[in-house]
Ligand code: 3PG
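As structure tokens, one chain now follows by itself in the form predicted alone.
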Amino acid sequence: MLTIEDLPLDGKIVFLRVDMNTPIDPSTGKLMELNRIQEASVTIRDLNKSKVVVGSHQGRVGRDDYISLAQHAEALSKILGKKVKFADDIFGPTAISQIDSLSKGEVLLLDNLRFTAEENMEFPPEVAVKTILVQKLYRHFDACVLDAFPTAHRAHPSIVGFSYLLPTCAGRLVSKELKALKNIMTVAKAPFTTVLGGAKVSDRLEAIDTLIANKRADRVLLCGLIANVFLKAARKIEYDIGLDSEQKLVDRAAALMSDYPDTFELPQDVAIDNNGERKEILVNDLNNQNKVYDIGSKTIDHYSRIIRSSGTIFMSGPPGFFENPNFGLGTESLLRAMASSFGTTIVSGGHLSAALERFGIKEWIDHVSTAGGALVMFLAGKRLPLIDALENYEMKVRK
């Protein structure tokens, strides 16, 4: 794929697709950390002779983190040490006017791309180029730089559409991630242990089968919401968890446990909220009045022993609601087990990156990526739409 050096970008209007999707404090609506915004700033600095239009998404429709990018513009301004313009629009008259009036060296951040319906869906490239988002914007750009590695597994219009209409290259984060992962995987050795937590159940289920089949997961330690799905599939939870298409997810989990009977480890105990205090109970004692916020001490000890005896450990998604001090024990303990192991360690996702910063052990992990699902898919050997888009343009240039 091409990089920034391969395209004549000086003085050009460049659309830079990054991923500044940031954890949001549900009680205040404020950004909780700035890791992905700092990562985006590297490529922006290297485009300081261009007119840069930055696009990113934030959150998902209907969730607390589905907000405007106005705060991101302020944070990015502080990081860059210069004013970042903000358009509370995406492809309307206001945004178009601001794009066309940019001067060399200026940076404009468009509002949350997912405020447009199309950016919440995935399309093959030949359809993405016809979306309103791409058609309204591409004529105002001279080139496209794709640097949204955490969203590389999503075929959204802003990821796969522009590369078929504009000169396109990879940004610094994409180049850095691919180089680091290539180096990591050349030294990785068995046994491979994967620790999966967080709330993105369908993404995890999609990747687990391929991870195991490609011998990238000899053991899978389950935490968080995905653990509840497997616990229900194992009939250790009898009540509804409250997920969309829940039975379909449970059936998929049951099939995976049947196909790989000696692979999955489920929590033995969990932590629930008891009048504002942490209370640990056995999984068998759970009922539909309990909301699980973390794994329990017995599970932590069991998982930690497996981690320390592994050759390669990959962790994606926090085991618990670590933002609350009462429920950070599982996340901190498993990360510290990884940090103290002799195996090759990879941690992925914005939440875990923030947790490593909070616990002061980031430098003890071999590779830390803010990418979550994209990194899972990459390690599982899946094709990533963003990488395909970059490679397709490079192939077009070569021809």
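A residue's number is simply how far along the shown sequence it sits, counting from 1. Just so we're clear, the structure is a prediction, and the values are computed from it rather than from any experiment.
Separately, the form predicted together with this ligand exists; it is not shown, and the next lines address it.
In short, of 152-160, 299-307, 130-138, 275-283 it is 152-160 that has heavy atoms within 4.5 Å of this ligand in the predicted bound form. Every residue in the set His57, Lys200 and Gly373 has a non-hydrogen atom no more than 4.5 Å from this ligand in the predicted bound form. Only one of Arg114, Lys176, Arg252, Lys236 lies close to this ligand in the predicted bound form, with a heavy atom inside 4.5 Å, and it is Arg114.
This ligand in the predicted bound form comes within 4.5 Å of no heavy atom belonging to Lys51. In the predicted bound form, none of the heavy atoms of His351 sits within 4.5 Å of a heavy atom of this ligand.
Contacts between stretch 29-53 and this ligand, counted in the predicted bound form as any heavy atom lying within 4.5 Å, involve Arg36 alone. Relative to this form, Asp203 and Met32 approach one another in the predicted bound form, with their C-alpha atoms ending up at least 3 Å closer. Compared with the form shown, the Thr131-Lys200 C-alpha separation increases in the predicted bound form, the change being 3 Å or greater.
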